[in-house]
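Here we start with a single chain on its own, the form predicted alone, put down as structure tokens.
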Amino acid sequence: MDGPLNGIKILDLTHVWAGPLAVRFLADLGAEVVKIEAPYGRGSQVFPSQPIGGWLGGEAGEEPWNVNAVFNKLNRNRRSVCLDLKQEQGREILLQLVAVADVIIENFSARAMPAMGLGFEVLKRANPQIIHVCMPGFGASGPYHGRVAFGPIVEPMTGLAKMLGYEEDKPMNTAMALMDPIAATHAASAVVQALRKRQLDGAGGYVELSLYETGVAFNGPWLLDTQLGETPVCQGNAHPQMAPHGVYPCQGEDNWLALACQTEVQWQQLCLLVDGLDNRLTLSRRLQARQSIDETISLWTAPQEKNAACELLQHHGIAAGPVNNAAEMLADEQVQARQFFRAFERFNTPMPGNPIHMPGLDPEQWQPCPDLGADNHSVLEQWLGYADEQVTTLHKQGVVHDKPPT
């Protein structure tokens, strides 16, 4: 594909969410990505239950491992080589691919690659210019480096959960493994920076980042408050320096509107719209009276349709937006107008686009997620010069696969 990373070869050993999302960013930017998949990397031939997100087309079909909707969502613009790295020959083939690649990225535990004999020193012997990006849960050192990590487990450890919710004694997770997309963004940035460094000095390198630390880096002002000796508390939908600032009920069941007044001008405009608000209140007095202000605004929003109320507030220069569920977001006119979702996967399933818009990035060039092992022959032939008969032999020997083993 076209794009700023055109010509860069990436070996993708990632799994779950953080790693695949990071590589998707890079693939969308034009990198040539080969996903190295384990034979059971997409699950077994028979799924015991429907996966999170369901199946493309709504049914498991004859190859459920190839229609996992979440997997397809995260793994577009790749080629798939299914390689058994537990076999010595599989590891040898990986090192041959490393020798002609620019980047290898994985988010295994810190001990996984060294345990397979594929630590950075081994990779560097195969290719002195290789960039190895690893994303273990807690990093490659420290007392937690061997721990198992998933986003919803790591998130509370960062301190974020204590600042969410409405009561101090009931911390809340985001329920979306927020650490994963945060880590993915960091990792994509790290790859671009490492490539730039290599362009300047000709050297590859080992790039390590942890799921945990990327979350810690996103701590807000409560971290500074703590360092200054104060005790921060969760504030629900409120804001320490804005009032009003919250989410208010609207017409219908479970319909809400988010609203914020950041400036005095916005407050004065809101007072013109909402009966019962006192336009003489300064910010300090509004912060003290936030509960009664919220009650007054709720009485005003309750009989209104949320989108109509949003339009009215925006017309008066007041920051406001409807609280959308997933279906409403998909139907949102802004999302529709910018064609953010693209129906290029099988069954014309709309998939999220890329929020980056720049010359050279063309979603019309995107390719759907490949079937497991779909590119075994083409990649090994094009990258390594293997003859078709050699790849067929590797299939028979169980070194490469195109479906999960029985």
Partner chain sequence: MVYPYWITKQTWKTQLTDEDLVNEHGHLVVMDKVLEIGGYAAGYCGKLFAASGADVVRLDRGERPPAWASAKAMDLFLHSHKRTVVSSDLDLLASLAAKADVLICETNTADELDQLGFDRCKTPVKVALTPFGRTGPKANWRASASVLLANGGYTHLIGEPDREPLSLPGHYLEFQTGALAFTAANSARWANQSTQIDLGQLETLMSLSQFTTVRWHCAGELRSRHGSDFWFVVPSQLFACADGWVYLNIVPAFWDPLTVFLEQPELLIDPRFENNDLRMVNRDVLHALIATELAHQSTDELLRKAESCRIPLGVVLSFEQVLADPHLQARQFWQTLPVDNSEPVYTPAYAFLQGNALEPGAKRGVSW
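Basically, rigid core = biggest C-alpha set you can superpose within 1.5 Å across the two forms. Computed from a predicted model, the values in this text were never measured in an experiment. Residue numbers count along the first chain shown, from 1.
Form predicted together with its partner chain: not shown, discussed below.
Would you kindly say which of 156, 303, 276, 117 lies with a heavy atom within 4.5 Å of its partner chain in the model of the complex?
Partner contact (heavy atom, 4.5 Å) among the options: 156.
Just one of 286, 91, 73, 79 has a heavy atom within 4.5 Å of its partner chain in the model of the complex. Which one?
So the residue touching its partner chain in the model of the complex, by this definition, is 73.
Check for me whether its partner chain, as it appears in the model of the complex, comes within 4.5 angstroms of all of 62, 100 and 386 - heavy atoms only.
The answer is no; none of 62, 100 and 386 reaches its partner chain.
Would residue 8 sit within 4.5 Å of its partner chain in the model of the complex, counting heavy atoms only?
Because a heavy atom of residue 8 falls inside 4.5 Å of its partner chain in the model of the complex, the answer is yes.
Should residue 41 be counted as a contact of its partner chain in the model of the complex, where contact means heavy atoms within 4.5 Å?
So residue 41 does not count as contacting its partner chain.
Look up in the model of the complex whether residue 4 has a non-hydrogen atom within 4.5 angstroms of its partner chain, and give yes or no.
Output for residue 4 is yes: heavy atoms within 4.5 Å of its partner chain.
Look up in the model of the complex whether residue 353 has a non-hydrogen atom within 4.5 angstroms of its partner chain, and give yes or no.
Yes, residue 353 sits close enough to its partner chain in the model of the complex that at least one of its heavy atoms falls within 4.5 Å.
For the chain shown here without its partner, which stretch in 268-276, 295-303, 319-327, 91-99 has non-hydrogen atoms within 4.5 angstroms of its partner chain in the model of the complex?
Of the options, only 319-327 has residues within 4.5 Å of the partner.
Does anything in 226-242 come within 4.5 Å of its partner chain in the model of the complex by heavy atoms, and if so which residues, in order?
226, 227, 228, 232, 236, 237, 238, 239, 240, 241, 242, in sequence order.
Once the core is aligned, does residue 334 move its Cα by at least 2 Å between this form and the one not shown?
Residue 334: C-alpha displaced by less than 2 Å between this form and the one not shown.
After fitting the rigid core, is the C-alpha of residue 230 off by 2 Å or more between this form and the one not shown?
Yes; residue 230 is a residue whose C-alpha shifts (by 2 Å or more) between this form and the one not shown when the cores are overlaid.
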